[in-house]
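Here you get one chain, nothing else, as structure tokens; it is the form predicted alone.
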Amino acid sequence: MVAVRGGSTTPRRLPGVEGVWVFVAADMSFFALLFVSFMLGRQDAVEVYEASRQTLDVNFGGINTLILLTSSWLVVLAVEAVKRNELKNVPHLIAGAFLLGAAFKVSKALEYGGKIKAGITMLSNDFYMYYFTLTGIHLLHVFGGNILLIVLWNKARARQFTKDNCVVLECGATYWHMVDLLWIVLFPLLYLLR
């Protein structure tokens, strides 16, 4: 496919490199299997899953959703700033995304702490096994994303990104958006599904 920009034609492409998209597809497929497994387990024990779901704090889930959506938005703004050659704002945008990723981790730690203090662990029942497994694997993705954001921040500070050389930033953005998308599925699946 070809896009027309300012009178010239440029071939359309996915942001980043193909390998990142293969990784994203594989990771999303893995999570999809876990989501299906959760739903099948839920069918066999609706009452247990519903009673357990009600112990989750929807406010934590909602705040975490806003945190990750805002963080992804800042990453989009960083990529767009590079493409407009407005490089001085890019490190600030990436730093903001990193700080929001860190806020997500703090929020999750508080939520986990509350559950553990109440005597709830992944061994309590099948719902909590899925809750801690799904959100824990997602949290590992957030940790990885935060490390990636630090790398991108350092590159942005060194002005290594240009409108003609932003593939690394696009790859990092693609990963971070995947982390956000996973949470957008996890939040309603665990916190809202009745």
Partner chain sequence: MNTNTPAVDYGTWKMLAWTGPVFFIGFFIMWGLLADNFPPMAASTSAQDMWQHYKDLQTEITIGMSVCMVLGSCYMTFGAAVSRVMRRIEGQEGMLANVEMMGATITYCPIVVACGIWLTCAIQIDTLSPDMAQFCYRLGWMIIDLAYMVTSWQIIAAAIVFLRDKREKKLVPAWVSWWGFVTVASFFPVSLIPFFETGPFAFNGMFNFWIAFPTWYVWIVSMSIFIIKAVGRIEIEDGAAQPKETAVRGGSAVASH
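Positions refer to the first chain, counted from 1. In this text, all values refer to a predicted model and were calculated from it rather than measured experimentally.
Just so you know, the form predicted together with its partner chain exists too; it's not on screen, but the next bit is about it.
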item: Site test, Ala81, Ala173 and Pro188 vs its partner chain in the predicted bound form, non-hydrogen atom cutoff 4.5 Å; value: no
item: Heavy atom contact within 4.5 Å of its partner chain in the predicted bound form, the stretch among 52-60, 28-36, 156-164, 65-73; value: 28-36
item: Contact test in the predicted bound form: Leu123 vs its partner chain, heavy atoms, 4.5 Å; value: yes
item: Leu181, heavy atom within 4.5 angstroms of its partner chain in the predicted bound form; value: no
item: Residue contact check: Ile150 to its partner chain in the predicted bound form, 4.5 Å heavy atom; value: no
item: Leu140, heavy atom within 4.5 angstroms of its partner chain in the predicted bound form; value: yes
